[in-house]
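Just the one chain here, the form predicted on its own, laid out as C-alpha cells.
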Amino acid sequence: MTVTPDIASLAASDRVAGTLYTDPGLFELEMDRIFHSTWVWVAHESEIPKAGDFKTTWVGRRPVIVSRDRRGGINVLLNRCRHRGASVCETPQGNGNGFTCPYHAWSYALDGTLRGIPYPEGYEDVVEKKDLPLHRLKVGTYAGMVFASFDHDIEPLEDFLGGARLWIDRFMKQGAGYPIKVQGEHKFRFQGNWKIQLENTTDWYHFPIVHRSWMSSVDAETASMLSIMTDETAVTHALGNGHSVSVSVAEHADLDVDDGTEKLQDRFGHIVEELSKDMPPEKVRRIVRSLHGAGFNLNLFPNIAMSMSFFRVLRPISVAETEIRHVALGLDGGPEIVNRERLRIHEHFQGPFGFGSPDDAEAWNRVQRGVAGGADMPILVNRGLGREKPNDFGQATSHATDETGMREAYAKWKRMMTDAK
C-alpha cells in the first residue's frame, strides 16, 4: 500500500488534493492519527439512562460498547474478548448485567471487569482475572454528549470542544425546559469518502440547489426561513480544533432570546391549540418556536454534526464508503404531540423517503465518482476567503454559504495527519 509521502502539501488554505478522497494509504493513516487518537462522539446519555443500559457503536473502525454500570458510571469498552478476540456483544441497544463472549463464554461486567471463565482448570497460576478486563477507552461527557478516545493522555474534553461549547449549550435549548432525548435513528451508506460528508454540514451554498425539491414541498413560511443566500445574518464561524458552526436562522441561534415579535408558523396551529389547554402562553410559545430545532448546524470534528434538530453521525467504512446515522431528537418528558411533530419534520427531510437526505447522498456519491476520474486535480474550498474576518472571539467568520467551516476542518486534519506521535 502506497502512502502519499508529503501529507502537508495535500491541504492548503484554499484547496485540498483530490487524493484525500481516494488514497487508501491516507485513509489508513486517518484511522490511526485521527479517529483512534482524538475524542470521538459515541452516544447521548439519553440512550443509556439506566444502570445496565448499553449500546454498541464504533470509534473509527473499532467496535465498542457504551454502557452504564451499577454505580451510574459511563464506560466505553472495546468490543473484543480478551481470550480469542471475538466480539462480546452484537445487540445494537439493550439492558443487561454484563457481556458474555459467545465463543468460550468468558463473561464481563458492565464496566468491563472479567467476572468468569468457564472450566478454569488449566488456567491455574496462568490467568488473573483482574489483569484481563475489556479494554477501556477514556470517556468524557459534556451536556449529555458522550465522547471516547483510545488516547488516555488526550487533552480534557472541554478543552478539545473549546469554542464549540457555547453552541452545544445553545443547541440543547431546543428542549424548551425539557432535557433532550434520542427518539430513534436510521442509517444508510453512501459510496464516498467520509470527508465529503464532513464538509456538507456547514455548506449552505448547496442548499437551494440540491434541496429544491424539499423547498418546494414545504409551506412558504418554512421555505422563507431557510432562504439565506442574501441574508447577511447567516454566517459561519470557525471554532477551532476543526469545529465550526453555520447559523442559518439568526433569530433562533439562542432560543432563550425572544422579543415576542416573531409570528408562530400557521402549520403548528393545532399544536398551539392543544398545548394551550394546560400550559401558559409563554411556555407554549417557547416550545413551538423550538420545533424546527436550533437555528444553526454545528460540526464537531471528526464525526458528529448537531444539525438544527438532529444528530448526523458519520462512520468511515473504507476510503470510498461511509455510513451515516441520522438521529431524531425529542423532549424527554415533553408533550407527546410535540415529539410526534418533531419526528414528522425529521422524516420529511432526513428520513429514508424524505426530500433532503437522498438528494445529499446522491451529491456525495457523484463527488466520489468525479474525483476518481481526476484525483490529481484539487478540491476548491476557497469560497468567501476574501471576505473572511474575525468575530468578537477572534474566530474566522464569513457568510453561511462560504467554505469557512471546511477550511477549519482541513486545518485540523492537516495538523493531526502531520503531527504523528
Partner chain sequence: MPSDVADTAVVDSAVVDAELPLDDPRALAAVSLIWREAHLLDARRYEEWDGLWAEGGEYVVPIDREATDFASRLNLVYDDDRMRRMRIERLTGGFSIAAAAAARTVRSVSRFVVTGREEDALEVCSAQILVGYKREDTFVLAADVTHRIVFGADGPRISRKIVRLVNSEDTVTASGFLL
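Positions refer to the first chain, counted from 1. What you see is a predicted model; the values in this text were computed from it and never measured.
Keep in mind that the form predicted together with the partner chain is not shown, yet the notes after this line are about it.
Checking S213, T91, T230, N97 for any heavy atom within 4.5 Å of the partner chain in the model of the complex turns up a single hit: S213. The contact with the partner chain in the model of the complex, taken as any heavy atom within 4.5 Å, belongs to P358 out of P358, P63, P378, G370. Stretch-level contact analysis of 49-57, 361-369, 382-390, 30-38 against the partner chain in the model of the complex, using heavy atoms and a 4.5 Å limit, identifies 361-369. Contact between G374 and the partner chain in the model of the complex is not found at the 4.5 Å heavy atom cutoff. Residue contact check for D266: none of its heavy atoms lie within 4.5 Å of the partner chain in the model of the complex. Using a 4.5 angstroms threshold between heavy atoms, E273 stays clear of the partner chain in the model of the complex. Though the partner is left out of this view, E336 does reach within 4.5 Å of the partner chain in the model of the complex, counting heavy atoms only. In the model of the complex, no residue of the candidate spot (R15, T19 and R415) has a heavy atom lying within 4.5 Å of the partner chain.
Contacts between 166-194 and the partner chain, taken as any heavy atom within 4.5 Å in the model of the complex, involve Q183, G184, E185, H186, K187, F188, R189.
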